[in-house]
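First, one chain by itself in structure tokens, the form predicted alone.
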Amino acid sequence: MPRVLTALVASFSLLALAAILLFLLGAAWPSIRYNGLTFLTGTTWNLGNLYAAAPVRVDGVRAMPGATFGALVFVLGTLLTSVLALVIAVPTSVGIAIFLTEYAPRRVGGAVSFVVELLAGVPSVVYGLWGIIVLVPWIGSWLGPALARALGFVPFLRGPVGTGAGLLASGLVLALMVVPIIASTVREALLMVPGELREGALALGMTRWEAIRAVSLPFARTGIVGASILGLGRALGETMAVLMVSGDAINLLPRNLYSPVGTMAATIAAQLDSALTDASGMAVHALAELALVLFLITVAVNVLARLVVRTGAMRRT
């Protein structure tokens, strides 16, 4: 009996994952039949004529006349904001972890660790509120124009800047939100570096920074990569904070770093109210298909992180 009970408890997460997948597949199936592969390649998201007398039937499913659902804008926006967040957060997190493990006095290290971990507990809506009140105007009035002037020779950094709500603001907010996850994981990886390796490097005449660069960071490389992928998984699914600072773009591919963007999670939250007014139900099914795509991407990222960490651990042993 204890063995059966523990097996059921251990399999709960897997069963919950399978249940979520089955639910999303069932809810998204009419949209899959209606849209086909154009769902992933199309750039137009249009609920159609919601005031039509009756829905039309296409391939055995009902939809409002003129309804078109293309998710490429949202998929691209999700990937761009998440990658930008990692570009900012990974070096910052590694620097924080190195400071905490190698340079910080015990009291200072404890205080910095507390502050970093505290960031992980701040609700995402608070980050979004700070972003829309402080960050977005700062980008629109100062950071964006400064980047456009200094690096305008790079096409993606060229203006116009707009209001400041867009890809750059979303990336900065996401970076702030994933720093605690990456920094704490990298810190644990650096603490696992054998002391004799560091001491040996110092005994050979290396400076502390040279020992960190030549010994600690290579030893912790797998942990750093795994932490980065876990941070990516966190950034992919963020909703409220991104919705508040992204500009909530629809049918608009980003033209530069300052363009408004739409992400999958934010679009689901923003469009659900309108989708419920669709008498055919196809708009809700399309949002379910969007959620299915996001679910599969997030699961794939987390599985990849686990494989990277496990492979690195096997190589060390």
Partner chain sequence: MRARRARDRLMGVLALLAALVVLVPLVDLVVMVVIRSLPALSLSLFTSPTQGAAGGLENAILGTLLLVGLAMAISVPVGVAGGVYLGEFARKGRLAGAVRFSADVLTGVPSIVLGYFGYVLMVVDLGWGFSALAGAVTLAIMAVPYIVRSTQMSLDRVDPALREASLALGAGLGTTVARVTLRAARPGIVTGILIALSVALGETAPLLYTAGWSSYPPAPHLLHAPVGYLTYVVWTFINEPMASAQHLAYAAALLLMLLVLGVNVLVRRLVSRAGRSELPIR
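Positions refer to the first chain, counted from 1. Since the model is a prediction, treat every value here as computed from it, not as a measurement.
Beyond what is shown, the protein has a form predicted in complex with the partner chain; the following relates to that form.
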In this chain shown alone, the residue from M240, A148, L197, L79 with a heavy atom within 4.5 Å of the partner chain in the model of the complex is M240
Among S228, T222, S184, S216, just one has a heavy atom within 4.5 Å of the partner chain in the model of the complex, namely S184
_A203 versus the partner chain, in the model of the complex: is there a non-hydrogen atom within 4.5 Å?_
no
query = Using heavy atoms and a 4.5 Å limit, would one call V179 a contact residue for the partner chain in the model of the complex?
reply = yes
* Asked: Any chance D273 has a heavy atom within 4.5 Å of the partner chain in the model of the complex?
  -> yes
*Counting only non-hydrogen atoms and a 4.5 angstroms cut-off, does T163 reach the partner chain in the model of the complex?*
no
Only one of 155-163, 139-147, 91-99, 67-75 sits within 4.5 Å of the partner chain in the model of the complex by heavy atom distance, namely 91-99
If the criterion is a non-hydrogen atom within 4.5 angstroms, does every one of A19, L118 and P123 touch the partner chain in the model of the complex? yes
Restricting to 133-154, the residues within 4.5 Å of the partner chain in the model of the complex through any heavy atom are I133, V134
